[in-house]
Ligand SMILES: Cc1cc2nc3c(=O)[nH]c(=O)nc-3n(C[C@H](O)[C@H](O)[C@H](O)COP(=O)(O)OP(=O)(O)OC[C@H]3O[C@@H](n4cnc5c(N)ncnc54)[C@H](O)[C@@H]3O)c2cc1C
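Heads up, the chain below is alone and in the form predicted alone; it's given as structure tokens.
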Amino acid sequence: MNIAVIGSGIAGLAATWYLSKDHRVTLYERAPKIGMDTHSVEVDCGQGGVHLNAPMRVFFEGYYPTLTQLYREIDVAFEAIEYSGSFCRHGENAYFHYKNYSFRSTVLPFLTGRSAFHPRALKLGIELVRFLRRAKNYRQFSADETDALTIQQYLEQYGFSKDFAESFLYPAFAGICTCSYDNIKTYPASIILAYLDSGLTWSRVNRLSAGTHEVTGRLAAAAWKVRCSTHLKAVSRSADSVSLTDEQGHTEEYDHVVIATQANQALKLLADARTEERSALARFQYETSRTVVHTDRSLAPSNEKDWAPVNFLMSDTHDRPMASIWMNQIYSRLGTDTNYFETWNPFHEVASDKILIDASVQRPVVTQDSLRGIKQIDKLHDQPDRRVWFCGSYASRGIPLLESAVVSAKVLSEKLSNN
């Protein structure tokens, strides 16, 4: 069959890879380059170029089994990295700082620096252990029960302190999910508990050895055609085909079309959207975050002794944490002459001569309503006459990261091929 995939983020690339095994796929991208690698830069540190991209893609096999398997299928190398963290108020010393120690395939986190002996850090650590132990119990309840409970309600119900919630858990997950504190508080508890129960605390975190451009190149190579810089205006259906119309008015026909964009963008593309499609796609809401790759050390903890690979900084004047990743700890080839950071939602502007990448990213926010939307999309995909399909990190259960995007693509591809 002739199939079009719209969007070349990891969801569209994965759908292209899976579908191209049995079908002829044309991949469409609005930007001049493949979407997953749109925001990237090559840094020359005297030891060869280092490919940096935003956002930086890291993963651990416990929560990312489908992504890991895909990387193995396309034979891209990845390697374990040190991915410990620190927490501090902006301009103050860290109040919680841990380091990971590896023993064979297991990672054990320990408090380090001043945190190792600070009563507040020890108390937070004890609560974290209790939280992780209790997280395993969520599996004994039905999905409907755990989905109905927000993470804020869960913490209150089981007696976790305000300090643990506001100084550790909310900043950590607002950083992981790149959303505001208000939105992380309303996350279904089941989604966060499942993430923690996948072995995060004890697992090695990996990064791609050569960067995302190797992934995008190998996945996109499976396509029959790749059409970048193509602005599609409308997707419309007839009895036995689907038409794509670009901004010049040119139309092409396909047997099936996979819309691998954000849900809100998919809704705009569908010229003949049906009531049930509008209902499903409208359930997904997005929040915009900014990510900057730069060399400004003022967006890291003020005391360099507190620097960790991942640093969460809080301020009373901001509705979300600032997460600064110390890239030199992730990419050893960057050396030590210049410190590089990837900062999400910076608290102040960075001088233009210190910026390498500056990008705005929209991420879906998981809510009870979005979980209902996933079920609706699954029902749409089960329709025997289906010709338009929806794919993305929003369309599969879990925190909307690389894994949910690839799972969405894989499940969709199997259903489409059997349709």
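One rule holds for the numbers: they count along the sequence shown, beginning at 1. Predicted model, so just to flag it, every value in this text is computed and none were measured.
We do not show the form predicted together with this ligand, though everything after this point is about it.
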query: Candidate stretches 186-194, 158-166, 257-265, 90-98 - the one whose heavy atoms come within 4.5 Å of this ligand in the predicted bound form; finding: 257-265
query: Interface membership of Leu19, this ligand in the predicted bound form, 4.5 Å heavy atom rule; finding: no
query: Contact test in the predicted bound form: Ala220 vs this ligand, heavy atoms, 4.5 Å; finding: no
query: 4.5 Å heavy atom contact, Ile6 to this ligand in the predicted bound form; finding: yes
query: Proximity of His231 to this ligand in the predicted bound form, heavy atoms at 4.5 Å; finding: yes
query: Listed residue (Ile357, Met56, Ile374, Val43) with a non-hydrogen atom within 4.5 angstroms of this ligand in the predicted bound form; finding: Met56
query: Residues in 8-42 with any heavy atom within 4.5 Å of this ligand in the predicted bound form; finding: Ser8, Gly9, Ile10, Ala11, Gly12, Tyr28, Glu29, Arg30, Gly35
